[in-house]
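In the form predicted on its own, a lone chain appears below as structure tokens.
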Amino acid sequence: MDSVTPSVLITSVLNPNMRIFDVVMRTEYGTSYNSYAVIGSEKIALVDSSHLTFCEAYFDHLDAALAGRVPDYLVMNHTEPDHSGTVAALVERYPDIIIVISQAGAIYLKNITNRADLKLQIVKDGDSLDLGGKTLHFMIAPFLHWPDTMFTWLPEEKVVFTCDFLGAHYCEPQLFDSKVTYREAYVGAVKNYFDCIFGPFKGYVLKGLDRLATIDPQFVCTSHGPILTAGVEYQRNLERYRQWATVEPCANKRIPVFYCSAYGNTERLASHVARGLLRGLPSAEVTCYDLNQHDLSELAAALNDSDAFLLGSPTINRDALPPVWNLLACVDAVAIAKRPVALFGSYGWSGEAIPHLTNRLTDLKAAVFADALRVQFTPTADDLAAAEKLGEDFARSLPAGCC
């Protein structure tokens, strides 16, 4: 059985064939479900469990690591099902096991397992647990990336368990960063993971980095991807996360215009909206994006990094077009709250696209501009003038400075 140190054993499961995580995240390089066993002179603590699909493999690895010993604790740094899927089976096998968990995590885990008989030990920031010569210190780290998340620090071994933080959906046979064969692919996976998982929580990411700066780990045991080592990828990932999470003050507002167009009518409106934006706010960075001509990840990044945006769609089957909905499926729901947005589009008979988009963006708590523009069939000169006025009025309505 592989180990991080003689007292920290690896019980992880590899899933190299996974290509989609949580329905919406592409995982070109698979993933691993990392879990560990910390062996003290008096007690044993497991750190995280595994995905339910890999329950049998997880228990095979756990049995090999424990070699007949019985764990006393299960530390749950985070309760998302890819971490907690085997918890119910663990409790069946070890009915006396105590689950060490944050307050938020305790609420979630009861509902995930549908068990009211879990033996829970709720910990707060700064609490510790003595295993006999090995001490686990708990660092509450909310929104990295769920409210329940915490880090667990083992100072005697200089090992920190950071859950999803600094991890990656990346799978190679050997679970250490020093053994990564395809370094460029790994770095790309780290960036994709950050964008999809931590992009909405950049302020919390910086706080998490500050917490890690108070300790000096030799090993960083993440929940997905290679274990990080001081002097290999650990410091590099710290630097990457800080760069990606630091929002630079912007000199000019970024106002992208997204649209779909079946016959060119909504496209014409988009170009005139863009003219109006620049008339109302000449310093703005205005880019028009045909949703069918750009990669979805590029479009999502432009939307999520915007100060405000506009969205145009024709109406087909009494609805907005699928590329528009695909884009909205990629928004950072936390970050988009209060983000200014205006809507426009050409339609043939009924024109439901704009009302439907208004409802969705209102549900996302965006600041929907009241004066949407709907044009029937081909825009007239007056319609194009109205599109320019929409852009100008929207630009002038934006608060000073960056949003």
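Quick caveat: nothing in here was measured; it's all calculated off a predicted structure. Residue indices: 1-based, along the sequence shown. If you superpose the two forms and keep the largest set of C-alpha atoms that fall within 1.5 Å, you have the rigid core.
Omitted here: the form predicted together with a small molecule. The next part is about that form.
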Review point. Applying a 4.5 Å heavy atom distance criterion, does Asn192 contact the small molecule in the predicted bound form?
Key: no
Check your understanding: So in the predicted bound form, does Tyr263 come within 4.5 Å of the small molecule, heavy atom to heavy atom?
Key -> yes
Practice item. Please run the contact check for Ser41 against the small molecule in the predicted bound form: heavy atoms, 4.5 angstroms, yes or no? Key: no
Exercise for review: Would you please decide whether Asn317 lies within 4.5 angstroms of the small molecule in the predicted bound form, comparing each non-hydrogen atom pair?
Suggested key: yes
Review point. Which of Tyr29, Phe369, Tyr347, Phe54 has a heavy atom within 4.5 Å of the small molecule in the predicted bound form?
Key: Tyr347
Review point. So which stretch, 222-230, 284-292, 164-172, 307-315, is the one near the small molecule in the predicted bound form (non-hydrogen atoms, 4.5 Å)?
Key: 307-315
**Study point:** Rigid core fit then Gly40 CA moved by 2 Å or more between this form and the one not shown
**Key:** no
Review point. Core-aligned, does Leu62 move its Cα 2 Å or more between this form and the one not shown?
Key: no
Check your understanding: Is Gly105 one of the residues whose C-alpha moves 2 Å or more between this form and the one not shown after the core fit?
Key -> no
